[in-house]
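Next up: just one chain, as structure tokens, the form predicted on its own.
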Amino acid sequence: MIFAFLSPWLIIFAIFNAFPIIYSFFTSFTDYSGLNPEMKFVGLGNYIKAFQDEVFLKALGNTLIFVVGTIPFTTGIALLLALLLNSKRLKKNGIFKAGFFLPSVISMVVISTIWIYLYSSNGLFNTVGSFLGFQMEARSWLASPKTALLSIMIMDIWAAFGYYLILIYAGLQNVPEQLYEAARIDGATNTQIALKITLPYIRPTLFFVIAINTIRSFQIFSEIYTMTGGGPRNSTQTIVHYLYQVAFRQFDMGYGSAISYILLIMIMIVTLIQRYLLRSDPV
């Protein structure tokens, strides 16, 4: 009887989730193109090819830079603002929560399109910089390999931290108020309260925030596709965007599948390390 009720979901999951995952794993060991039904088994050839591919290695480096360069800021800003909003002065002011969360509900394509104009040669940032006396180059920030990736990272931090702020703020609501009152009676400072009470209690929330932030950052695509297309000169090329180009532009499905599983293994390793570092049990 239970399986009868679950069967619609199980059938949909098997067809649209389980089968594609298994089939793509098998495809990663072939030279399947998507245009020719015939496929040849190549073993680990696609995986070896990836680490001999200069564009893939460039995309890998850019992705790691993006992950390392955005996660500390999105998580740090979200944590600091969540602590501020949780204070008694701002606890009942929902306009701040709504304002910070607003970018998270807007399409990333829309946000990216707006920031293209902000970064343009006659956009807001160049105009304000020139007004303040800085010597700004008369070209878009996205047109230079030196600033393109950094520009996308700044935009992504602004667009993403509000979502994690709300998650952390929700975690803060589970901290017993009695602990704060007892700590203040004992003469604990705000810093001691934050380090000894708040952070240990919201550690599971922080792990969840950092984990989903890591997965999202490794899978960065919409921003790259909309703003630069991986250019200039592959300076903003990322793994998922390169995977898209290989699989759906060059129709090299076997190689594209191998890239996707390399990315999967990387995300799993990083997530397990984060879980170990943020485990709630004492050492």
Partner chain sequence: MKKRTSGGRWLFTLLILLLVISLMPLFMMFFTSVIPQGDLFHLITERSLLDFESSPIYLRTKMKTIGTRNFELKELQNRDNKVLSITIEDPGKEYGVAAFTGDNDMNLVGHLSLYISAPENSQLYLGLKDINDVEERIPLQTITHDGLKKLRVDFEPQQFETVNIGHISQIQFIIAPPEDALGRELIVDDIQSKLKFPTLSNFITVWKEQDFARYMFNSSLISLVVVLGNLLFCSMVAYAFARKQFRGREILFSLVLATMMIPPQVTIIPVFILMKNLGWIDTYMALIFPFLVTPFGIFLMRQYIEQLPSEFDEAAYVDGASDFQIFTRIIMPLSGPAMAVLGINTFITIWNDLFYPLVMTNSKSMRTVQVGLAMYQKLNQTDWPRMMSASTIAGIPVIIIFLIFQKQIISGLVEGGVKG
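Just so we're on the same page, rigid core means the largest C-alpha set that superposes within 1.5 Å between forms. Keep in mind that what you see is a predicted model, and the values were worked out from it rather than measured. Numbering follows the first chain given and starts at 1.
Just so it is clear, the following notes concern the form predicted together with its partner chain, a form of the same protein that is not shown.
Just one listed stretch, out of 67-75, 194-202, 167-175, 143-151, contacts its partner chain in the predicted complex at the 4.5 Å heavy atom level, and that stretch is 167-175. No residue of the trio 131, 214 and 237 has any heavy atom within 4.5 Å of its partner chain in the predicted complex.
Within this chain, residue 4 lines the site of its partner chain in the predicted complex, having a heavy atom no more than 4.5 Å away.
Using a 4.5 angstroms limit between non-hydrogen atoms, residue 189 is distant from its partner chain in the predicted complex. By the criterion of a heavy atom within 4.5 Å, residue 105 is counted among the residues contacting its partner chain in the predicted complex. Contact annotation for residue 232: none of its heavy atoms lies within 4.5 Å of its partner chain in the predicted complex. Residues of 201-222 placing a heavy atom within 4.5 Å of its partner chain in the predicted complex, in sequence order: 208, 219, 221, 222. Residue displacement note: residue 21 has its CA displaced by under 2 Å between the shown form and the other one (rigid core superposed).
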